[in-house]
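Have a look below at one chain only, the form predicted alone, in structure tokens format.
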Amino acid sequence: MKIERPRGTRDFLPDEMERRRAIEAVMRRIAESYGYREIATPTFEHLELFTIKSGEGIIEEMYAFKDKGGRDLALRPELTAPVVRLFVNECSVMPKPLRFYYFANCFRYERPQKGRYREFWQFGVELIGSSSYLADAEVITLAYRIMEELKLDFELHIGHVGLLRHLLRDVEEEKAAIVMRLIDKKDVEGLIKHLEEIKAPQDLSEAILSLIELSGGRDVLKDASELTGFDIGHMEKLCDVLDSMGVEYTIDLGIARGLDYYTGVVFEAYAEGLGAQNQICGGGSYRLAHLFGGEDVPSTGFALGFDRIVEICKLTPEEKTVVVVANVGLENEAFKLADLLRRHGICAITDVMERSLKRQLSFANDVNARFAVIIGKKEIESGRYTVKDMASGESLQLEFDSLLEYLSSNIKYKKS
């Protein structure tokens, strides 16, 4: 019986994994250049970690289960809550701000479609301990630099949920949360219907609908302030920093983000070539630690949709030069030579199928080996190895030091 992989999951062959690792390496390098250090959290957590703020309704979208002890657990659907839980448990007395980054798989039980899978990967950062506009500026700039270096065709949109929350300050929390979710989904028709159902005052409904339409340059912030009475000083200073850094962005006050814990600046990035599911980055400032038993600590972070980025990123990995060490009845000598080459940074493959020399050289062609080094009785007696250029067919006889120098000087890498 042939067993298929579970729906919404994928297998990755070597070529695809090398692409993914090359993209991941760029993300890691840039995050570390900002002083962020990697952390990891468990693949599954207590279910309450994810429902404590978002409610029981989110369970339908998760892989939730009971363990053998009857405890309610869930595969992580995102990384922010686990990171904050880690902070509360392990890091609350460490000097602030803390700069963490992560790269891990997450799980959501939803209908698989282009760019959306039940198992997916996120790369993200969390800056814990600052409520300053400078924290927002650093995190946004970091996300921007990653997408820029990956040469993605993207647009960065920045908003502030504080304006919406200020308008909704007199609305019951559960009803206000539904308003925010409808705005996040861009469901204007549903939003209007909900505002009518909760009997929202006409001026409030009009203000909300007008606010979420405000989009453009930083000049729209003045209009937003006049509309809501909200102090936009934080946003103005943030824009000053971003402008000085050459970050291109659109102010978009219709960004609400789908999670209830966001409190201030929020941002999203959208890329060409992904159809309707074109968001590749989302983040903002939030407060979660107090819900998990810690102090009320401000944080800012983002997550990049790694799988979507892989779909559109044209970065290609370095192509390693492969050397096949072939032999004529001298398997031990072939193993020893290959081991020496590997210790000098050369990718060396030996025969493990007990093939003839002819078939070993045929295999070297099959795997696109650049060189074949042949060991036979003649080579052992003379102390000179035969090295064959698989592209030109030319052969040389070289002692080990000369062989090593020749191979090292001819190993080239294909870079993006």
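Sequential numbering from 1, following the sequence displayed. On a predicted model such as this, the values are computed, not experimentally measured, just so you know.
Another form, the form predicted in complex with histidyl-adenosine monophosphate, is not on view; read the next lines as being about it.
Checked against histidyl-adenosine monophosphate in the model of the complex, the residues 122, 215, 141, 92 give one hit for a heavy atom within 4.5 Å, which is 122. Though histidyl-adenosine monophosphate is absent from this view, in the model of the complex it lies within 4.5 Å of a heavy atom of just one residue from 335, 261, 103, 249, which is 261. Contact annotation for residue 180: none of its heavy atoms lies within 4.5 Å of histidyl-adenosine monophosphate in the model of the complex. Using a 4.5 angstroms threshold between heavy atoms, residue 225 stays clear of histidyl-adenosine monophosphate in the model of the complex. Using a 4.5 angstroms limit between non-hydrogen atoms, residue 279 touches histidyl-adenosine monophosphate in the model of the complex. The closest non-hydrogen atom of residue 154 lies beyond 4.5 Å of histidyl-adenosine monophosphate in the model of the complex. Heavy atoms within 4.5 Å of histidyl-adenosine monophosphate in the model of the complex belong, among the stretches 298-306, 166-174, 92-100, 191-199, to residues of 298-306.
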